[in-house]
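The chain below stands alone and is given as structure tokens, in the form predicted alone.
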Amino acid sequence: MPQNEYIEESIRRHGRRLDYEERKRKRAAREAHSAATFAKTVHGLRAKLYNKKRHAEKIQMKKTIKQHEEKQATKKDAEAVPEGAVPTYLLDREGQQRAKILSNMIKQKRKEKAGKWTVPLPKVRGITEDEMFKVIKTGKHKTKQWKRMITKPTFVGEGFTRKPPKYERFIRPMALRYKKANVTHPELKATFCLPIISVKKNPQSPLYTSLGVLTKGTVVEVNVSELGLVTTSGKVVWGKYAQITNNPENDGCINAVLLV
């Protein structure tokens, strides 16, 4: 068990307190009041940022409400032709019936499809350069400070060759290089040790992406050929993306969730 999951472990073993649901409901009911109080008292830059956030939330809320509204519409129905004699001015009209179009159902399906590609960790803690890099002093009198040693785990690829020490600006220690990750398939509920192909995106910085730094939230490409996944046309899927969900520098391994 990772160090920071003792609360989850306790819940799994002993369950939650008996009034948990009631307290949760009351807390949710109070949120509107506390938000209003905060909005009244806050000022300056914090007020601007808070109002901007609330504005975006309200727009999203209105969009959601609009989606869930049922629309009335008419559509032609061949079976709904009136019986008996029809006046001349109604001869050109076909039978119509009123129908409710639930546009939100279609939109919901689209959202679910789009949601399949959303990452498990949309937000991660920012890492400062002081935390990421260690300054290496060089030169005869140790006065030059242009070299940096990366203190986080990295991925460098199969045919990687270091530059000569004289020209190497970023040093990636061999002890912190990783080649494999423990990837969990969310639908199969199984974990596989798969080789990493490349680092697709590090949310911290494009520089960290190009250096292959592996931090929490990084999206990596893994080789899933041994899982036997196939496309609709019958071709074997070779590479898939996965997002790192742990802190590799603390745990000594990489845990990731496959983006299916």
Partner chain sequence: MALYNFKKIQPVPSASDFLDIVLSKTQRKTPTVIHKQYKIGRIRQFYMRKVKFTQDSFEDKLKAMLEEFPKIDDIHPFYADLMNVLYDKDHYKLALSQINKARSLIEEVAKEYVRLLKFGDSLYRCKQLKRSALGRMATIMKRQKNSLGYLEEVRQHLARLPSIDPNTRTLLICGYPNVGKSSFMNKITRANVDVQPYAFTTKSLFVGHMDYKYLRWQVIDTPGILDRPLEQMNTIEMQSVTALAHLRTCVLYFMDLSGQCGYSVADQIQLYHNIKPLFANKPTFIVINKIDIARSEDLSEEEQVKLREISEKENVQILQLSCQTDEGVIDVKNTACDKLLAARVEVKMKSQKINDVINRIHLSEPQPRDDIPRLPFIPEAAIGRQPYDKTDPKRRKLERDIEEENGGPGVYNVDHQKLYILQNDEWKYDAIPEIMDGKNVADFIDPDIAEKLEALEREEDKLEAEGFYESDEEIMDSEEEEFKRAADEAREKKKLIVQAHRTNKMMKNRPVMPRTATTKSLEEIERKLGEFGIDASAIRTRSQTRSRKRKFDESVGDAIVREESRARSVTPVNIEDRKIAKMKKRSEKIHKTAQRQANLYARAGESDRKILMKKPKHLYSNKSTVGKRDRR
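Note that the structure is a prediction, hence the values are computed from the model and not measured. We call the rigid core whatever largest set of C-alpha positions still superposes within 1.5 Å between the two forms. Residue numbers count along the first chain shown, from 1.
Although it is not shown, the form predicted in complex with the partner chain is what the next lines describe.
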Against the partner chain in the predicted complex, would Ala190 count as a contact residue? Criterion: heavy atoms within 4.5 Å. no
If we define contact as a non-hydrogen atom of the residue within 4.5 angstroms of the partner, is Arg16 a contact of the partner chain in the predicted complex? no
Can you tell me if Thr151 lies within 4.5 angstroms of the partner chain in the predicted complex, counting non-hydrogen atoms only? yes
Taking 4.5 angstroms as the cut-off for heavy atoms, does Glu168 touch the partner chain in the predicted complex? no
Given the partner chain in the predicted complex, answer whether the residues Ile7, Pro173 and Asp251 all have a heavy atom inside 4.5 Å of it. yes
Would Asn250 count as moving between the shown form and the other one, using a Cα shift of 2 angstroms or more after superposing the core as the test? no
